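The chain below stands alone, shown as structure tokens; this is the form predicted on its own.
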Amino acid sequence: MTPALSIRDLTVTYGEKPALWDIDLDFEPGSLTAVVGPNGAGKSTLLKAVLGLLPKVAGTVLAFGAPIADSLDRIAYVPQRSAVDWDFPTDVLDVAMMGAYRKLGWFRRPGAAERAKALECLDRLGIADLSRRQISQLSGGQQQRVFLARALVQDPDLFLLDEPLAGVDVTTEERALDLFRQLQGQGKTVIVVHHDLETVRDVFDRAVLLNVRLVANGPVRDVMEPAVLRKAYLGGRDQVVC
């Protein structure tokens, strides 16, 4: 089976400091994977480098067997909330409809079908009633749900989600985790940079443990073993791939 995402020999540096070093990873179609590790481990860097948002020193990335640049229409990316200008003057529905732009092209305006799809996705996340609210007026959790709705509007096969549950309310967390399970049930591949190790055990079927190098990769029951976690959070950066 062709991996949904295949990463080989990926190395990224910030100046002379390595952010990721010689990473090899495959993500199978229909998998639900948490990317975990200590602060500064390279989790967000991994997603950005995969998408070409950060330059690579070395490495190749394939999505569905093709170069990543040829597969972007099959990928949705949700950045960290801190990377978004929430004061931009637009409303919730318009943000959600942005997910249709890649398929429409920049010279076609979203129409009734795109509007209906955006409202459906907002409703799926429990915020359709906020569709005409300015994005800046929402709580952090509501804003995060809007960006998840925008990703849903894209109807991608691969979701790359960077800390989507950081600092959100309980309702948003529950909605998001249910959504991840639903997407996996639909055969989508979902990769989530995450910080709550207990949630990883309860929800995800696979985990990637990073600390600049790849520490472990495999089923959650193997990666989340105490000895393996200590290797990433308290030990060195030697590779111990499960």
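In this text, all values refer to a predicted model and were calculated from it rather than measured experimentally. One-based numbering along the sequence shown.
Not pictured, yet referred to below: the form predicted in complex with a small molecule.
Residue Gly40 is the only one of Gly185, Gly65, Gly40, Pro29 with a heavy atom lying within 4.5 Å of the small molecule in the model of the complex. Remark: none of the three candidate residues (Ser71, Tyr101 and Lys103) comes within 4.5 Å of the small molecule in the model of the complex, counting heavy atoms only.
Taking non-hydrogen atoms only, Gln80 approaches the small molecule to within 4.5 angstroms in the model of the complex. Though the partner is left out of this view, Asn217 does not reach within 4.5 Å of the small molecule in the model of the complex, counting heavy atoms only. Put simply, Thr45 is close to the small molecule in the model of the complex: some heavy atom of it is within 4.5 Å. Among heavy atoms of Ala19, some come within 4.5 Å of the small molecule in the model of the complex.
With the partner left out here, the small molecule still marks one of 171-179, 57-65, 199-207, 31-39 in the model of the complex; by a 4.5 Å heavy atom cut-off that stretch is 31-39.
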